[in-house]
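Below you'll find only one chain, the form predicted alone, shown as structure tokens.
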Amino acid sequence: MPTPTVVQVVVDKPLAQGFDYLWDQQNLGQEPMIGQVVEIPFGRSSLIGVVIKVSGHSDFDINKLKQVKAVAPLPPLDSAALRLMNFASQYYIHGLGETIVPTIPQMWKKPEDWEKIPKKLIAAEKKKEKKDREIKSEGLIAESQLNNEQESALNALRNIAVEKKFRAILLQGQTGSGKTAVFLNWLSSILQDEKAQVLILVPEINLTPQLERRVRAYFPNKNMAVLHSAIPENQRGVAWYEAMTGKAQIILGTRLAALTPMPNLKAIVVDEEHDPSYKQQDGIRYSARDLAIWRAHDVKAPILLSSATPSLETWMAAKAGRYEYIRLDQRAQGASLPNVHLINTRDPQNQFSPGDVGRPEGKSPISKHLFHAISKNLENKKQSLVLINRRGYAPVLSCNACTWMSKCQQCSSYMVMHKAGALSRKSVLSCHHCGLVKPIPEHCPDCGNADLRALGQGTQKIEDSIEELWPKARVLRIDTDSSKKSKGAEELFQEIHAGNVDLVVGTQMIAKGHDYQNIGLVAVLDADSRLFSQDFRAPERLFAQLVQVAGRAGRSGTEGQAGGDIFIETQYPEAAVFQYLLRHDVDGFLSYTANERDEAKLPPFSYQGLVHAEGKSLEKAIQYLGALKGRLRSKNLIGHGLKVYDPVPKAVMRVAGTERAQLVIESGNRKQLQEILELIDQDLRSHSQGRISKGENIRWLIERDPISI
């Protein structure tokens, strides 16, 4: 009797193990290979899985094994991609199946459509060719146009790439210093190899169209795959297929692109490497930047980390010599950096007085000093950006007669007031955590008072105020609400570039990476909202955001020209964040932050893990984590450089009716932390069905290297 062929398959379930299936070569029409995407019977239904092992043996009764039903019309995932997935699964304490399978686009996970896929690919190819012809290419800065500093940086990168081995490089450059032109010219030399593939990661979807146009200008004859969650599923499926078969030479995308198979990967660029958007916040909570570094090391390729405000971890690695360090300290066209002005909102002189000329009617959310600066900027025919990091009209609605406030019934947060037109035809209250939307009450639900007041301000309220202050100005609001309407975010940004707007109001969407050419002034309102936080990284993030948004001003200026102005409204102008920003001293701020973290032994001077627990009762969730800590203590695992803090509620304790708690684990040794997290995973799994505890019905998850606590 011939030896049966057994394959082990992993599926998208919170399970540590794979499952054995029989492979009928005659029925399936091909031999089994590791990395194949297959359809398998699972319980009473079918699932998509990936083959991770082929053998002639099973620990289970061969006669009881089910057979693989079908094989996807795909080549197997390449060995380098599988090594990456395996590392991600182990490091981030996540099942291998629930690491691999979610990275495969839906198009390839519908067995009923597999026969139609060849026709879909042909149709998609024609559609893509047409789209490529329609997309404008722009922003080409040839090597001959680079300044001396950029040319020096490019030569250094090329010398590193010649070695054809892993090197991590930090390219730190002032905003407007031409970092993108440097790395695109560098990639052009790598892509002279017809088979080579390069990966370019960007932090946010809104940055991909602009960079896509620039990449097309540099590489008009190269096939590019664009990957992010906002593109249609079939389009993403085709792009992923072209990347994993080596047809696409340039892969441009957000964090999900970091896990895309690329058999001929020769270089990686992580643009705005400091951005927290690279950290996944659900499912497997990976850092796309960190996985990209591991991937480059694995395939022996250079990786470039680009930023005006590098993360503390990357900056310290460069300072210590673990990463190559290349700097661009001047703006590409020679303009000076923007002038920073701090407006102390506690100072009465910065507020309007009754007798002031040009004083607006009613209370202005914009200080007197800033009002005059924006008015002057408008007179000079320059555009202004106004940043307030809060969408909606007002963060909370309250009653003047009692203590009622617009709390969400399902979350431990307030519902935000949105005026008509943003989310619906009428003004509504919306929870930004669970998505609950309710009509605005006509009177107080508690006392019946009809006088309800909107507290605080969001982008919509600032937009209204600006239209009242400068009635002749053309005002545009850009946030996630406005970008969901008929005009997408890209069309809104094009309005700015085309000069059809005088004043732009927006959230952090307007602050990152956009190469505006006529911004003379940037204003930041309510900067203090992120200055004080339970998150020790808050000042670092605020500083990065302020440097980024400041860098939108005066970018088109040439040698000797002023670089525009940034005005920051704050009650605490003496804070280190603002003082270092005044001097444009990124290195000084990072050095100051490093000393603070070293004293407190916080990352990167220690390593952290989180155990999340969610349930219907906060008390039960905390008890569950407390019991886990007790078991660790009883096994003498706490101490010896390992700290396990007491379980506490999360900052947003309740979301969509689920109570949430967390347990922080900290160690000065990366390996020690990894070992303890693996032990915790084994311990919790032994009392759970998947990731739900059997007795308490608590859902748990382990997170490695959290960026928000």
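In this text, residue numbers run from 1 along the sequence as written. Computed from a prediction, not measured in an experiment: that's the story for all the values here.
Although not depicted, the form predicted together with adenosine-5'-diphosphate is the subject of the following passage.
TODO: State yes or no: in the predicted bound form, is some non-hydrogen atom of Q545 no more than 4.5 angstroms from a non-hydrogen atom of adenosine-5'-diphosphate?
DONE: Taking the distances in the predicted bound form, the answer for Q545 is no, it never comes within 4.5 Å of adenosine-5'-diphosphate.
Task: Contact flag, D515 vs adenosine-5'-diphosphate in the predicted bound form, heavy atom cut 4.5 Å - done: Yes.
- [ ] With heavy atoms only and a cut-off of 4.5 Å, decide whether G178 touches adenosine-5'-diphosphate in the predicted bound form.
- [x] G178 belongs to the contact set for adenosine-5'-diphosphate.
Task: Distance check, A196 to adenosine-5'-diphosphate in the predicted bound form, heavy atom within 4.5 Å - done: Answer no; every heavy atom of A196 is more than 4.5 Å from adenosine-5'-diphosphate in the predicted bound form.
Task: Residue stretch of 221 to 229, 326 to 334, 615 to 623, 492 to 500 approaching adenosine-5'-diphosphate in the predicted bound form, non-hydrogen atom distance within 4.5 Å - done: One stretch meets the cut-off, namely 326 to 334.
TODO: Could you check which residue among T480, N147, Q410, Q571 gets a heavy atom within 4.5 Å of adenosine-5'-diphosphate in the predicted bound form?
DONE: Residue within 4.5 Å of the partner: N147.
Open item on the list: Counting any non-hydrogen atom inside 4.5 Å, which residue from R214, R390, H432, H418 sits next to adenosine-5'-diphosphate in the predicted bound form?
Closed with: Comparing distances to adenosine-5'-diphosphate in the predicted bound form, the residue within 4.5 Å is R214.
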